[in-house]
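What follows is one chain in structure tokens, specifically the form predicted on its own.
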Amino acid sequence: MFRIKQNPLLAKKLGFNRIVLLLVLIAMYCFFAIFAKNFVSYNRLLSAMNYAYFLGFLSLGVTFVIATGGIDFSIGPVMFCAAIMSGYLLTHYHWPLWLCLITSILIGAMYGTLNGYLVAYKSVPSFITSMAIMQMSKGVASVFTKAQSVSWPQLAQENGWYRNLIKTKVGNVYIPVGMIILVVVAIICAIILNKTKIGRYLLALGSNKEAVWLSGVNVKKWEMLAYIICGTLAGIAAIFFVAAYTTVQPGYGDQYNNEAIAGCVMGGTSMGGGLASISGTFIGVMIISILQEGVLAIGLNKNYQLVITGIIVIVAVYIDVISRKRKY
């Protein structure tokens, strides 16, 4: 049986990276607490969490793909496609809410399966397949809804109970249920990636795919699985997006590809594959979420957040490239 041993130097790198990320997160929060008016409030924190929920699921999913050495630029539009199609079934065809939520997850899994099949079994570069599926998901959502936006029910309306997935009011206090769910899912993902055969094979694929194949492992099956996990989590992300923001428009979602990948990269997941950290991804997502909320609180345009995020990603990738050069 093929086995992969964890490189102690890489493990040390991940541990150091997580410490640095935590310090960056704390420093960023302190900065906005000082310079942004009314930033230190429970409502601001809840608002940042709303962003972190769906972005967190996207980032966790794409971590598995990047671990294999691949990439997926379709997760944002796939999330929007799942949200708008299942929402259209709910509001126009009056499907039961629970069935629409399941449909959202299945739509994400379907796109992930198609993406993974083309990459693993047809040897199409992941960059090409994900770009094609990105455009496909946008088009399918627009055609299905006749280019109309979809608004999911509010909490007080019929079928509005799904919004309790992100926060539930107990007395006069809102409990961030979504964060609890996200943490649980992140723990499950960490166990899969670090403690199971699935994770060992996926990381091994990113390190040396040929060596894994020569060891008798069905590399196509495991590589495809990474994309299925990614697509499924994109479908779940759609549920949390509409629970936080209600209205979805066709043709959007590209921005969230970049932010999800940014969360992975700054969290220590190597763009070259073979090295990934779920906990690092989680911290990276929180940094992006606090950043976007802080930028708005300080009175700047959201575009400033995009600039800062881009700089952080460039620095993170550069550090990864340098560390790989030193390794070899």
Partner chain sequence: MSRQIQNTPVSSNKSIIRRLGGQNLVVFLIVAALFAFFCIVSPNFRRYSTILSILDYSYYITLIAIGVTFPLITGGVDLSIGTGLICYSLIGGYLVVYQGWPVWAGMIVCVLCGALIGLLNGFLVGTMNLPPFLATLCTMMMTRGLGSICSTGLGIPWPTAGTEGGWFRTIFKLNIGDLKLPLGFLWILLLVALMSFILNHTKIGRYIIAIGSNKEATRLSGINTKYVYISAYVISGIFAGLAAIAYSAIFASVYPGTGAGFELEGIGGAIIGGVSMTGGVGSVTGTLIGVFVICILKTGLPFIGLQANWQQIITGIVLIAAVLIDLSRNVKKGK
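Positions refer to the first chain, counted from 1. Predicted, not measured: the structure shown is a model, and the values here were computed from it.
Beyond what is shown, the protein has a form predicted in complex with its partner chain; the following relates to that form.
Enquirer: Can you pick out, from T247, Q255, Q157, N164, the residue that has a heavy atom within 4.5 Å of its partner chain in the predicted complex?
Expert: The residue from T247, Q255, Q157, N164 that makes the contact is Q255.
Enquirer: With its partner chain left out of view, which of M224, L101, M110, I71 would have a heavy atom within 4.5 Å of it in the predicted complex?
Expert: None of the others qualify; the residue that does is I71.
Enquirer: For its partner chain, considered in the predicted complex: do all three of I19, N43 and I228 come within 4.5 Å of it, counting heavy atoms only?
Expert: The answer is no; none of I19, N43 and I228 reaches its partner chain.
Enquirer: Evaluate L23 for contact with its partner chain in the predicted complex, applying a 4.5 angstroms cut-off between non-hydrogen atoms, and reply yes or no.
Expert: No - in the predicted complex, heavy atoms of L23 and its partner chain never come within 4.5 Å of each other.
Enquirer: Just checking whether A297 would be counted as a contact of its partner chain in the predicted complex - the rule being heavy atoms within 4.5 angstroms.
Expert: The answer is no: A297 has no heavy atom within 4.5 Å of its partner chain.
Enquirer: Please check if N172 has a heavy atom lying within 4.5 Å of any heavy atom of its partner chain in the predicted complex.
Expert: No, no contact at 4.5 Å.
Enquirer: If you check in the predicted complex, is S151 within 4.5 Å of its partner chain, heavy atoms only?
Expert: No - in the predicted complex, heavy atoms of S151 and its partner chain never come within 4.5 Å of each other.
Enquirer: Report the stretch among 233-241, 123-131, 164-172, 90-98 that approaches its partner chain in the predicted complex to within 4.5 Å, counting heavy atoms only.
Expert: Looking at the partner contacts, the answer comes out as 123-131.
Enquirer: Heavy atom within 4.5 Å of its partner chain in the predicted complex: which residues of 292-317 qualify?
Expert: Heavy-atom contacts within 4.5 Å come from N301, N303, Y304, L306, V307, T309, G310, I311, V313, I314, V317.
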